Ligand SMILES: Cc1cc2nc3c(=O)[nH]c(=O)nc-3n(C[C@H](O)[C@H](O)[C@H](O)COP(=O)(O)O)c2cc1C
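Single chain ahead, written as structure tokens, the form predicted on its own.
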């Protein structure tokens, strides 16, 4: 049976079959998921924030062995990086107050993290030098698409255009979206408050059409609580050309996610997906846990980015390295959008995309005509 055509301008810009972009979820979207999504007709996106230059280079090569179709590399490029030019990871850690280190020591005991454990992660994403190195790997490999999960791409745009690399940037409000227009990116993601992971504070239904109007004619992908074909159709109705989805891939066979985390997502309600600064120091929607509540309810408020990441790095990395042990589940980041009740079954990435397209076609061709009478 021939695959159904579902095409928008976004497909032309990115060279993909369906207007579905898998969000670059750092720590969760690695080569297997990227390959599966791209092979299924969407745009697979590597969450490169947790990579180092050498491992990123290897991941890009692995993706290219698995698919000849377009894919994206997602990096974090917050403006604060420029304010810390020349500062190393060790230099950044000197800015963390002593009382926070004492508090972190108490958390190690509470969550059974060895006192002498130190993460070996290079943390390139926290320094300007490391971020430049990650970007250079992308440029040298001439990846099809570079996405900025946070921040702006303006300073790297000339090199991207020179190499024919397409660019995607996220805006959670019109002001930020207009900065991306100034940078001349190819696609802007209008991300609503409903989204899992790092997100803004304006609802998807409100922010998408406002950004669409403001950035026209740049194509927009809608994000935030979109997890099925109805969400795709709704995004198109709001003026977007497609969708940027992360949470709906958390139950895929190819995602880097423990089975217990998948069970938590399946059991979650829309109220369980809360905004927390417990992991990164920035607002990040994830399923609540004892670890998030410790930071969100005090007595010590989370530090800002990247200092909070660095403070909790050992705890988080140790838990991730021992994710087979249930006692560390509370520390593992479990991002999830407010569409939690729609995330209710395990499927392959291909099946997720096929189901979204099939449902969207049904809504457009059958359901709407039954519910709406035009005269």
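On a predicted model such as this, the values are computed, not experimentally measured, just so you know. Residue numbers count along the first chain shown, from 1.
A second form of this protein, the form predicted together with this ligand, is not displayed here; the remarks below concern that form.
- Residue heavy atoms within 4.5 Å of this ligand in the predicted complex occur in exactly one stretch of 233-241, 68-76, 173-181, 159-167, and that stretch is 68-76.
- Only one of 195, 221, 211, 146 lies close to this ligand in the predicted complex, with a heavy atom inside 4.5 Å, and it is 195.
- The three marked residues, 51, 306 and 311, fail to reach this ligand in the predicted complex, with no heavy atom of any inside 4.5 Å.
- Looking at residue 250, you'd find a heavy atom of it within 4.5 angstroms of this ligand in the predicted complex.
- Shown alone here, residue 188 lies farther than 4.5 Å from this ligand in the predicted complex, counting heavy atoms only.
- Residue contact with this ligand in the predicted complex: residue 26 places a heavy atom within 4.5 Å of it.
- Put simply, residue 335 is close to this ligand in the predicted complex: some heavy atom of it is within 4.5 Å.
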